[in-house]
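Shown here is one chain on its own, the form predicted on its own, set out as structure tokens.
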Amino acid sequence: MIIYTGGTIGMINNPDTQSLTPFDFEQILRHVPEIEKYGYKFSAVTIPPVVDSSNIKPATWIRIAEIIQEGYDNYDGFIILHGTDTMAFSASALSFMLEDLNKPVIFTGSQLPVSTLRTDARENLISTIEIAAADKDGRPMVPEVCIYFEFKLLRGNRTTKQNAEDFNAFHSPNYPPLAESGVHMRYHPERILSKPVHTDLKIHTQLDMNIAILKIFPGITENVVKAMLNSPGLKAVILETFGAGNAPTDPWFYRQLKEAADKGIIFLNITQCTQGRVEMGRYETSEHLLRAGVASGHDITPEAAVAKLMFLLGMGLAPEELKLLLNKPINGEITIL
């Protein structure tokens, strides 16, 4: 099943505004007739209205999960055509929302519209279809939520968009590719999540969006931090800290975090660095975060941190139980050393 949400892969130039706007999925099939040569049976579902991925919202994630559940017994794999800007957020979210998934769910898209001569859409779509249908001894090769882009299959909740212009738009900074496309499709089974064969898919559609991201920077003021932490309804904050999880040791900073934590707000510490992990307590500049009750995000991406918090908050867990789950991999999103 191919689920079309919009994005550059299915856009055309609007003659009135000279900007790219989404068009109907049937046009994609017209531009990529090669996929019929596989001989696979497939069907396409469009989630209306098709949108630029900047307008993707959790409601779209819920609809994707529902569509997958509805067709789960009838399809060997699922492909999500999606804009690149928020693809890593969506793939991360679906990795948590689809419990006991044992079939491939692969996101792909393109940097250039499928209608252009130099488009990367054809290779991305053709290879994604091959991977979604691939099996060994009757079992799917990649039974997890992934992103395929520019010859690489990446775990969805390990992926971040790294480039707005190159075809190589995505990067998995802390986990290697699950498969690579060349003359042959090379799979790496040792990197792929092992799933039970006979399980019923369960979807989670309760997501809580009452979170915020606080990016630490030199000169950040108490008023800014205080204003964010006192936002009505706030339940969790992702702290984007320096290096291995470090932050200013100003007394006011610790005080603001501790007071918010005592009120039940959850804090998750992730690094601003593209690659690497949080190691709280390694430096003096992160010890106060431990004392304030901040949870370590280990090597999680910002996109996966957002999705994981929305998912866990939606389960209505007690703060201490939620913090324990933040420190455990649910679907391969972090590595605990």
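Quick note: we count residues from 1 along the sequence shown, nothing fancier. Quantities reported herein were computed from a predicted structural model and do not represent experimental measurements.
One more form of this protein exists, namely the form predicted in complex with aspartic acid (ASP); it is left out here, but the text below deals with it.
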Listed residue (256, 111, 181, 115) with a non-hydrogen atom within 4.5 angstroms of aspartic acid (ASP) in the model of the complex: 111
Among 160, 84, 127, 102, just one has a heavy atom within 4.5 Å of aspartic acid (ASP) in the model of the complex, namely 84
Only one of 152 to 160, 94 to 102, 214 to 222, 76 to 84 gets a heavy atom within 4.5 Å of aspartic acid (ASP) in the model of the complex; which is it? 76 to 84
Whether residue 11 contacts aspartic acid (ASP) in the model of the complex should be assessed with a 4.5 Å heavy atom distance threshold; does it? yes
Give a yes/no on whether residue 52 approaches aspartic acid (ASP) to within 4.5 Å in the model of the complex, heavy atoms considered. yes
